[in-house]
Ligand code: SIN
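Take a look at this one chain, the form predicted alone, written out in structure tokens.
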């Protein structure tokens, strides 16, 4: 048993922190596990540098946050169903996650957290941006808060793909055979203002990536407000930026953040391994 103390250093004023003094490949005390989870709640996104983790150990580390589960559209790796790889080769043009979003918002119970490990990264580029949707909500006017209080968003797994399921299959099949084509599209309704079950803070739960329209409203009626709120969430003062290095692992809270994978490394290779954590129904 090692690592009985940790050093937590904020990355930006809005969210994000780097945790030092922890070797995640070693057995962790209950004290350290609790400290990591509390930092996750306090900072919405935490990262660790210079870690050496295989897929099975990554799943074990992800269990600090909750119950790791398989992702519906990508197959597992290394015999571990809960871990899958996100790969962009030098020949690929599009990347995975290159739009502001919260993971699996289209599920009846969206994933509560994501744990991403950098297996191979480009010499430069390929950073991930994060936004604090709690701060975004808290800075809205009282009038806007009242107007959106009862709105319900209709979220769809096909929202990013104008060609529907066929377009999604074409995009995800670029993940070099990892695509699970047996999964069907998903659509779920969630309040666009959700309350965090652990902290009690409210946050915006709406995005251009997944929210098609508001319940009982047309897409034409809904889009102006969806775009306003989505753009408000990602204002610079609500964000931080993570520069990946091989061996970096990050954990973020999908209940109160959004993220964006920057596609600025044309002609280079990037391989990440992801595990997601089972969530509950937003309320």
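None of these values were measured; they are calculated from a predicted model. Residue numbers count along the first chain shown, from 1.
What comes next is about the form predicted together with succinic acid, which is not displayed.
- In the model of the complex, residue 97 approaches succinic acid with a heavy atom inside 4.5 Å.
- Using a 4.5 angstroms threshold between heavy atoms, residue 88 stays clear of succinic acid in the model of the complex.
- With a 4.5 Å cutoff on heavy atoms, residue 82 does not count as touching succinic acid in the model of the complex; it lies far away.
- Contact check for residue 116: a heavy atom falls within 4.5 Å of succinic acid in the model of the complex.
- Residue in contact with succinic acid in the model of the complex (any heavy atom within 4.5 Å), chosen from 261, 15, 19, 24: 261.
- Contact with succinic acid in the model of the complex holds for all three of 103, 128 and 270, each having a heavy atom within 4.5 Å.
- Heavy atoms within 4.5 Å of succinic acid in the model of the complex are found in exactly one of 24 to 32, 223 to 231, 51 to 59, 253 to 261, that being 253 to 261.
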